[in-house]
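Before any questions on how it binds or moves, here is one chain, the form predicted alone, in structure tokens.
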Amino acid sequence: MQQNPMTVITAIKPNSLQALTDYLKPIGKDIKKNDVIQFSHYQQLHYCSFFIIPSNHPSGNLSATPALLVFEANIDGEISTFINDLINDNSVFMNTVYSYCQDYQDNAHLGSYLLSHDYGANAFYVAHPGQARNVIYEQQQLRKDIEQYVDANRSTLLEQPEKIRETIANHFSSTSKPKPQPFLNSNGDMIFKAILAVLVLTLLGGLFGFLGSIAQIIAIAVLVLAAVYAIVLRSHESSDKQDSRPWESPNVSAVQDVEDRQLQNHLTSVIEIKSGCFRLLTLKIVLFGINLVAKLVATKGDLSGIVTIHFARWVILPDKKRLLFMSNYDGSWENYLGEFIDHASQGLTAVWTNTQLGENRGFPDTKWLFLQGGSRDEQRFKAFARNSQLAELIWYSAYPDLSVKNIGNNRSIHEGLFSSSNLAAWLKCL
């Protein structure tokens, strides 16, 4: 089943910010046992969070903008189904929350109100596409059951090691065969390479006249546009001023207070987009490329070498002045940022070099969009990232004790029951 991003962004009524905060915060502090809402009841929900974007975050130059409430979720299936389930099952909670927001009417119109304010994602990454929440649960339990069976029958199994899998498979013969991987998950890398090959061949064929005069004109036009873009880009980069201030955000303490409470963490970053159409257009193009890679290439729990991200999304806010980034990941913030720097600095830099913390407080100096500098300036980048972060009021994870690798291994164990190849690799997953 396909996972989808929901990002509902609504303006908070004047003078309602504190009341809304006071309502949500206690729920977030007791996410499992509070008597208002239990997100675990929603079988299609992987993760969700509620947080507030202050009107002046991050620079203080956006005071005319109302504070925003963001409700984001990663779900299986249709957004509308999830929203309707929430309203039907928890109408008091949902209506209380959105009564603090502008343009709210009543319960009868709440579903359409939320859908009309859902901005999805400009780029969306899923570690394991097609892995429904319930399937993740079932495979986790299957692994536990197999491990218990192996422990209880270890001496018997060791007598005939070549038949270990057959014996285990026979014992768990009632287990349903896992559904095939989604088409893009299985074939996306090949499709992506084919797209690149066609583009390169078309460009070369046009330049050298193999594909006719029209293709040649198009190829030359592309090269001219690329040259003009490069000149304009360097002009902007040369005038950019990087942020040189230390960690000074008033949100840092609040963010750190909600980190490292379990195996997983949640990151929320809101950052200004540098002024001008050029930077906004560049950002949209970069996010389009990241979304394409996420859907076709990074489909097996690995985003450019980073193997700790469950879900991530980038959303350009409705005002077109700020970029929202949200991620659910394994491990600590320091390790997470370190992995980005070590394995995905080019993509990371290509996105955030178009952003700033405020006037003359830009991303670390970058040349040629991503080729030099940027996030490679580790300490300056980490300070930049911290100062853009916000703490969530509510964060829910459906499987807080499972890492990205755990989920992948559990699926491999399930698939291995129905395969006769590579016994050694299968046993290592147990």
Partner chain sequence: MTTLNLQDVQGIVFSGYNKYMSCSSYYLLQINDAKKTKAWLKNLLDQGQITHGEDKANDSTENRLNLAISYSGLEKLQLDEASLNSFERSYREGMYSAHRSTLLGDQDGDAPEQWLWGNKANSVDVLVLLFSKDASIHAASQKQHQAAFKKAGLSIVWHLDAGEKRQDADGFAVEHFGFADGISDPIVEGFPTASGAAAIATGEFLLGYPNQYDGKLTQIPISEQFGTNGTYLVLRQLKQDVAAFWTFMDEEAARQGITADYLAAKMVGRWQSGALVEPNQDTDPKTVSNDFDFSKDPDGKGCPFGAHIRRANPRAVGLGTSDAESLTVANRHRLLRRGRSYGKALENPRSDDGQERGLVFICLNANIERQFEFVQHTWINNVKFAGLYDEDDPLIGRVGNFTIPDEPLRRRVCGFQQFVSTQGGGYFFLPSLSALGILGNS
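Residue numbers count along the first chain shown, from 1. Predicted model only: the values in this text are computed from it and were never measured.
Just so you know, the form predicted in complex with its partner chain exists too; it's not on screen, but the next bit is about it.
Going by heavy atoms within 4.5 Å, which of 318-326, 123-131, 87-95, 260-268 lines up against its partner chain in the model of the complex?
In short, 260-268.
If we define contact as a non-hydrogen atom of the residue within 4.5 angstroms of the partner, is Leu402 a contact of its partner chain in the model of the complex?
Output for Leu402 is yes: heavy atoms within 4.5 Å of its partner chain.
Looking in the model of the complex, any heavy atom of Asp342 within 4.5 Å of its partner chain?
Flag for Asp342 set to yes.
Since only the chain is shown here, I'm wondering whether Ser238 would be in contact with its partner chain in the model of the complex (any heavy atom pair within 4.5 Å).
Heavy-atom contact with its partner chain at 4.5 Å: absent for Ser238.
So in the model of the complex, does any heavy atom of Glu147 sit within 4.5 Å of its partner chain?
Contact check for Glu147: yes, within 4.5 Å of its partner chain in the model of the complex.
Report the residue, out of Gln216, Thr202, Ser332, Gln102, that has at least one non-hydrogen atom within 4.5 angstroms of its partner chain in the model of the complex.
Going through each option in turn, the one that passes is Ser332.
Thinking of Leu157, Asn406 and Asn410 as one candidate spot, does its partner chain come within 4.5 Å of a heavy atom in every one of them in the model of the complex?
Result yes, every residue of the spot touches its partner chain.
Can you tell me which bits of 372-388 touch its partner chain in the model of the complex, meaning any heavy atom within 4.5 Å?
Counting only heavy atoms within 4.5 Å of its partner chain in the model of the complex, the contacting residues of 372-388 are Arg376, Asp377, Glu378, Gln379, Lys382.
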